[in-house]
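Encoded as structure tokens, the following chain is the form predicted on its own, with no partner shown.
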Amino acid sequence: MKKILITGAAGFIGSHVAEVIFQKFKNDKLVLYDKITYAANIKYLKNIINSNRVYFVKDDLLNYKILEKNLKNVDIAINVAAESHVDNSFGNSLLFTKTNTLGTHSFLEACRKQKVKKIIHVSTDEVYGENLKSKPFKEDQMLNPTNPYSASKAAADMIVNSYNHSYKLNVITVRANNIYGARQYPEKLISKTIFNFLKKKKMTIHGRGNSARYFLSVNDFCSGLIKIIDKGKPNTIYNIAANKSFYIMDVVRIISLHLKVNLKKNIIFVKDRPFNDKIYKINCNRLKKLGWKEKDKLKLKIPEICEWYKKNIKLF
């Protein structure tokens, strides 16, 4: 029987990861670690939280003694915990450095002390910076973050790199596109647009909405993570990428059509971010060689996600 610890386990991505791990590793114990910020909810874990295989810890990554105590005898540790909203990072950048950079450092040091065999750190495609004209970035691309959020994640990646080299820790880094799905706090594009339209509020669009993003479903992210747990090489970086990009306005339009909302009357264009990357493109052939491929299509998933928010809107 293995013991698996997941940080940020009550958040949007973390709760999906926890459920998938719970189903995949049916005989293993799970330690779910989360400090429960505004974007997390213990109710996201309702399907597994009462199992005798699951132990929940409400605490901060920066509470080192508690973190290290809970990593005792852990075989696999997955660091999903993060502050991830770019807009918030411009106004509260120190919080992002504390959680994403120092929190990761605390996580790695506790894993090292407890001799965790396999460690997975979840990063982001934004650490590479934008690439308007160049080919999709591979995992060996030089990091070039352009906002406080991506800088805090890039700093964490550098600490991971140092632990791999200095301590020979078995840390795998995962860098994915924008992840979407049910349970996402309504501050990111898809979740916020759905939430605002359901609440009869207007959706604000940065600039003219002509930035583009690749959107990866949380289901495809989790399936990629499972491939990496099963077949990933130690001390290796894996990108997880969707096949198709969408302009911001196109995504809002898809949602408005499904919810039968008059787009022109329900959006407001606002001043763009201080710096808004036009697009992030990453190559994930390394992961595809492990047998992973994208299954979900954004246009087909939107109705399902809208229905989830209709049923669970009181959670926010």
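Start at 1 and count along the sequence shown; that's the residue number. Computed from a predicted structure; not experimentally measured.
Beyond the structure shown, there is the form predicted together with a small molecule, which is absent from this document and is the topic of what follows.
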query: Joint contact, 12, 34 and 153 to the small molecule in the predicted complex, by non-hydrogen atom at 4.5 Å; finding: yes
query: Any non-hydrogen atom of residue 284 within 4.5 angstroms of the small molecule in the predicted complex; finding: no
query: The small molecule contact in the predicted complex: residue 59, any heavy atom under 4.5 Å; finding: yes
query: Any non-hydrogen atom of residue 238 within 4.5 angstroms of the small molecule in the predicted complex; finding: no
query: In the predicted complex, residue 112 touching the small molecule (heavy atom, 4.5 Å); finding: no
query: Residue stretch of 160-168, 228-236, 132-140, 77-85 approaching the small molecule in the predicted complex, non-hydrogen atom distance within 4.5 Å; finding: 77-85
query: Residue among 106, 191, 211, 99 with a heavy atom within 4.5 Å of the small molecule in the predicted complex; finding: 99
query: Contact residue in the predicted complex, from 196, 147, 178, 223 (heavy atom within 4.5 Å of the small molecule); finding: 178
